[in-house]
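Here you'll find one protein chain in two forms, each presented separately as structure tokens under the names structure 1 and structure 2.
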Structure 1
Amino acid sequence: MGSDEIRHPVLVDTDALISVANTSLWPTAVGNLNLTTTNVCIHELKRHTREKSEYAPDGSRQKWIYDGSVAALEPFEGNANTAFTTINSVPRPHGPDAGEQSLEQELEQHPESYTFVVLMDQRGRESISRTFEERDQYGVAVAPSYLLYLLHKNGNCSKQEFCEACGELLEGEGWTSYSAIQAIWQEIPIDCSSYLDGSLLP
């Protein structure tokens, strides 16, 4: 730890990890992306696996958080994996938004290290974007759906897989991810109409 910590250009928070880890593209993300998070976010994921029940009903928010946390933790816990790294937050933030705060603090301390900061919370993204503007100009805060798009852009998944994973994200996160996914579909026109139910489409 310390000087050995590897900072990849993509910094991801707890809720963003949970949302993407719940899609069928997570193994593809694990095999192709370099991601960095903080020890505070890892701690939050671990807390979810303790406090949320494995036996919560399918389709419930509890189950979504539990399953996503378990899946998200896995690649960070193997010592051999240098593609998924954890940075220690100093000082360590506490409280309900600790994960998000730890990202903001990390970015303030190392603005040159990151290009994409991925957060589920929209206000959190606005705050991170402001930090980028004040410190660095170069990076941007994006929603978790952008991680799925990066995989598609790099040729790591088919259009169908991308569209279906967006659908899974929409169904799992509901309203939270709707605007982010609509934005991707509108900004980078990807026709998902053959793969998704009409109610989920742009």
Structure 2
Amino acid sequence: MGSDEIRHPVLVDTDALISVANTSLWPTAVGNLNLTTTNVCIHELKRHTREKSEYAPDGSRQKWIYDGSVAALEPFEGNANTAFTTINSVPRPHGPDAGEQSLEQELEQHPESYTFVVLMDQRGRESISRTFEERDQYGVAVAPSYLLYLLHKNGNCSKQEFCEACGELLEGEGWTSYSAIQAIWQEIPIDCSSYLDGSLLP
């Protein structure tokens, strides 16, 4: 596993990792971003690789979760990779929302370490934003697409590649409701109307 207790400014949860790891820009993310997650999220990714089938039909939810989990785990498991790090969540949360809870707990304990916390759940983002405010620390809770935006912002991909990867993420996750689409594009000042169907845009 990657170096422990190195906290990069971008903290990411399980679902965000799966969603971005399934896009064509994941290799670029691995080569250019520094990300931190928790041991609880790593445990969830490993559980998905055991419980979901790699032989599930292409296009199924089960196959999406399996493939994304396998791809997301790889950079965290290399001993020499200090760009993708895992911190231990103490005490360790349990239950269906344990990964998300571990991010909130980590932020409460180390608010100065993070600038972005990446998760899709709206309630979770609202809770994270309150924690930043209460700790009087600058920070933003953002949707998973923001990881793709960081690549574009840093010159690691073209606008077309960014927009198309956002489309892959939205359609693959089934995040096509009004509220999900609004969340995906929040904080992202890029017009993707030349590359994506209007149904995927805010």
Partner chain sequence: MATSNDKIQFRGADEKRASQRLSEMRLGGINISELAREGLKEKLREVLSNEERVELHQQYLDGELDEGVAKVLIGDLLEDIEREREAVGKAETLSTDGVFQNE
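FYI, numbering is relative to structure 1, first residue = 1. Here, rigid core means the biggest group of C-alpha atoms that superpose within 1.5 Å across both forms. Computed from a predicted structure; not experimentally measured.
Of the two forms shown, the form predicted on its own is structure 2. Residue 156 is not among the residues whose C-alpha shifts by 2 Å or more between structure 1 and structure 2 once the rigid core is aligned; its shift stays under 2 Å. Core-superposed comparison between structure 1 and structure 2: CA of residue 192 displaced by 2 Å or more. Taking 2 Å as the criterion, residue 180 counts as shifted between structure 1 and structure 2: its C-alpha moves by at least this amount when the rigid core is aligned.
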